[in-house]
Structure formats: C-alpha cells, structure tokens
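One chain is shown next in structure tokens, namely the form predicted on its own.
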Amino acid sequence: MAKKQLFLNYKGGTGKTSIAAAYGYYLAKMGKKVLMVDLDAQAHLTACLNQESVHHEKSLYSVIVNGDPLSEIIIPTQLPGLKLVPSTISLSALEQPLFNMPLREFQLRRALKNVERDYDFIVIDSSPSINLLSLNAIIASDEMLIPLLADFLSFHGLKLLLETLASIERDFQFYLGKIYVFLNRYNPDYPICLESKEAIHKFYPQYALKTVINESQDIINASSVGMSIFEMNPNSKVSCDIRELVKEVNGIYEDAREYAVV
C-alpha cells in the first residue's frame, strides 16, 4: 500500500514544486515505485518532469467528473519506476463541478484508492491555494511536507495552514498521520535563516525537521530544463539535502552497494 505524501504551502514561491519533483525522483532512483500527482493547473510539476509538451487526451478532470479510472491518465517519465498524473489547464475548471458532487472532499482519495497498491509512494504537489482541490489533497494524504522560506510571510502561512488542518481534522473526523516542516533556500550566512531555524524548532518542535534545503541555483536550473537535480548535478549540495530529506522523513538511506530501508 502506497504511502501518500503531500507537498503543500498556502504561500506561493517557497520552492515547493521543485523540491517535490526532486524528492519523488530520488525515491524512484532508489528503486521505489513512485506516482507523482500534479494538482496545480499551471502544471509546474509536469514541467519539472519534462512532460509539459506531451498531449494528454484525458486529465484528472475526467477522473473526478466523469469517473474515468486514474490508471488511464498515468504516464511514464524518463526514469523507470517514476510515473506521473500530469496536470492540464482543465484543472482550473474543476472547482465548480467538484463543488456540486456528493462527498466532494473525498473524490481524490477515491481515485487514488484504485492505484495505491501499485506504488510504494504517491507524492502529491498541490497548488498554493485554499480551495476544494487542496482540501481533497489533504484528505487523500497520509503525511504532509511543508517547505518554508526564512521570512515572516512563510511563518504566517504556516500558522494559517496548521489552523486549517486542525479544522479539517475536526470537521471531517480525519487524522493526518505526520506533518514535516523544513526550511528551503537556507543560507547559514543570513541571520534571518538562523533565527527562522531556531523559531521552527522552538514553536513547532513536533513538526520541525533537522534537514534544511540549502540555497542553490542548481535546482532552479534543473527544473527550468525539465531535468532532475540528480541528472544535472547529483553531487551538488542541494542533491545531498534532498537525500537527507528522504532519509529523515522515510528512514531510507543509500549505501555504496544497494538501496535499502533501515
């Protein structure tokens, strides 16, 4: 049964999608069967995996609205073991029909149930929006990963997200297993980064990860050409950070001979 992990932050510009793409790619590189789900109509995750130019006859819209099997829209990527539910602009029109459906908050959860036995991980990248589709993403997930920048607005967004999550758990009798919070674009030379790291561990110790993703142009450059950071520069600092993120969240590590689970 797949572990379903959601990358979400209601504040845009945190680097969420680039990290999610690298995270899922590395899991697949370690031999895990991974399905990535792009829930943003802008299709940034789809572009990060170099699938933006591919024509898709069906989309998640047809799965949710028409009841088509999710398996019909899953596409391969260049890495064996890594599959994708791509996004199209049709997702921007999903809110209204979704609103009128019975059990509207559980439609993504229903769709994923038909394929979750085929994967070890399902990694969902949600748009930075408070809407019905992001609510579906939360209820469909087992765990949430929240990237933050070292600034006031990111912390305000985190507070809003956690308050919203508490409300969702109460209203839908739903419990999200684990929440992980980590800093992205971290630079130890900036006092604000050091202060933000200290603040996360002080105010959110139950969620804070030791791992930080250091500031780097490499991952931005890789995403812009539809490549993984592990293809472009597997030995970069940010590649090491993604490895540590996967290890800390999932207890998975890499050695010289094989990939294994601790």
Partner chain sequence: MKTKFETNVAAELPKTRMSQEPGLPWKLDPEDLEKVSAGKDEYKAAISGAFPLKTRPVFLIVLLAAIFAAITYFVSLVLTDSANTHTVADNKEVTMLSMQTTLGKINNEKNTLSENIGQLEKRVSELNAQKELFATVIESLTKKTDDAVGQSETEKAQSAPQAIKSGTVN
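Residue numbers count along the first chain shown, from 1. Since we're looking at a predicted model, the values are computed, not measured.
One more form of this protein, predicted together with the partner chain, exists but is not displayed; see below.
**Q** The partner chain in the model of the complex: within 4.5 Å of a heavy atom of each of 100, 162 and 204?
**A** Verified in the model of the complex; spot residues all in contact, yes.
**Q** Only one of 229 to 237, 26 to 34, 63 to 71, 216 to 224 has heavy atoms within 4.5 Å of the partner chain in the model of the complex; I'd like to know which.
**A** Heavy-atom contact with the partner occurs in 63 to 71.
**Q** How about residue 139: is it within 4.5 Å of the partner chain in the model of the complex, going by heavy atoms?
**A** Yes, residue 139 is a contact residue.
**Q** Although the partner isn't part of this model, could you tell me whether residue 192 comes within 4.5 Å of the partner chain in the model of the complex, counting any heavy atom of the residue?
**A** Result yes; residue 192 sits at the interface with the partner chain in the model of the complex.
**Q** Any of the heavy atoms of residue 77 lying within 4.5 Å of the partner chain in the model of the complex?
**A** So residue 77 does not count as contacting the partner chain.
**Q** For residue 169, is any heavy atom within 4.5 Å of the partner chain in the model of the complex, or not?
**A** The answer is yes: residue 169 has a heavy atom within 4.5 Å of the partner chain.
**Q** Could you list the residues in 91 to 113 that come within 4.5 Å of the partner chain in the model of the complex, counting only heavy atoms and keeping sequence order?
**A** Counting only heavy atoms within 4.5 Å of the partner chain in the model of the complex, the contacting residues of 91 to 113 are 100, 101, 102, 103, 106, 107, 109, 110, 113.
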